[in-house]
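There is one chain below, alone, in structure tokens, taken in the form predicted on its own.
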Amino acid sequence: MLYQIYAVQCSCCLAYHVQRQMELVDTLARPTRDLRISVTDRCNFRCSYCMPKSVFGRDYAFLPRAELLTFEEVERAARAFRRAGVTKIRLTGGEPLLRRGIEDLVSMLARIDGIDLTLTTNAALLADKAHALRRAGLDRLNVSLDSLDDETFRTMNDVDFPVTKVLEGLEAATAVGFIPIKVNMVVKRGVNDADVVSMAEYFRNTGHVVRFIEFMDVGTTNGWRLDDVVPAREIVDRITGAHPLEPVDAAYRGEVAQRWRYADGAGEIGVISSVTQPFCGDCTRARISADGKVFTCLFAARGHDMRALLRDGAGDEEVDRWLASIWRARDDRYSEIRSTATASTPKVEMSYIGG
């Protein structure tokens, strides 16, 4: 019996050391931990900071279905990243709930051991999809909601979509067990920054977490200006003026949001300060576009074609070597070198790569 226990322990230790040896780190010693997978470049909103209608109008040519990764290809890509050390996968878009059969993909990915599976949505279709997503094995939800004021919200989504429908989606998701939900608010000065405190107050004591995001220069079509950025520090100060906050330690390396909790125990908020307090040094995220290109930074100009590799019949070992070569060469740190001048440099659009 002692020998058997010793053998099992040795096997575990061996597996651990093999896993550690296979861990990928880039040129700045950042490991692979988080993967964002875009499942479609289409969206039913036209938010100005992501898909402005002036660019993404009626005649805009979205990706043909044949160019999108199939669900089987997405699963293979996800498993390759899992072998490289990824423990969190987030499905994004465009709007991922527009992808037909999205719950089937969720079910496939939920079977990958050791993965925390999340989906980010604008919640326009969430009321109808929440139960199926939960049943399929989705762990968590992120919901984009830029204002509780209906007029402001309709203006920002630019398709006249009412905020009540998003709130109905949130209620449906809560009812089937998605707690906490992370509610993402992109804050733009002079547009919706007056709603910061009301947003915080609405979600106090609900179990959900609002994350206030500085307006970023993702892509080249959203008209980004530094003057439009409301710094995370200002956001925290505004909320603290109404409801005192205290800082919370990060839950893990590479956590995007700085966490703050209410001093009275009513929950917490997060602030994402990519502009004023860059966190490139701990960035552990990779992204896959809907047509299978791997991006090692949200602000990258071009990606690496994984779809071609998968469709050419590459085996897992070849895929792993290919992925390792990309990650080990990674040196991205755009947010640390950002300036007004860099805003116009070529960058992939958020609607193509996901947030």
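We number the residues from 1 along the sequence you see. This structure is a prediction, so every number in the text was calculated from the model and none was measured.
Another form, the form predicted in complex with a small molecule, is not on view; read the next lines as being about it.
J.: All three of I37, T87 and S289 touching the small molecule in the predicted bound form at 4.5 Å, heavy atom to heavy atom?
T.: So, no: the whole triplet misses the small molecule.
J.: Counting only non-hydrogen atoms, choose the one of 73-81, 99-107, 119-127, 227-235 that falls within 4.5 Å of the small molecule in the predicted bound form.
T.: It is the stretch 119-127.
J.: Of V294, C50, L69, V319, which one comes within 4.5 Å of the small molecule in the predicted bound form, counting heavy atoms only?
T.: Residue within 4.5 Å of the partner: C50.
J.: Would E268 sit within 4.5 Å of the small molecule in the predicted bound form, counting heavy atoms only?
T.: No.
J.: With the partner left out of view, is D193 within 4.5 angstroms of the small molecule in the predicted bound form by any non-hydrogen atom?
T.: Close contact is absent here: in the predicted bound form, D193 is far from the small molecule, nothing within 4.5 Å, heavy atoms only.
J.: Although the partner isn't part of this model, could you tell me whether M350 comes within 4.5 Å of the small molecule in the predicted bound form, counting any heavy atom of the residue?
T.: Contact check for M350: yes, within 4.5 Å of the small molecule in the predicted bound form.
J.: So, in the predicted bound form, is V166 in contact with the small molecule at a 4.5 angstroms heavy atom limit?
T.: No, V166 is distant from the partner.
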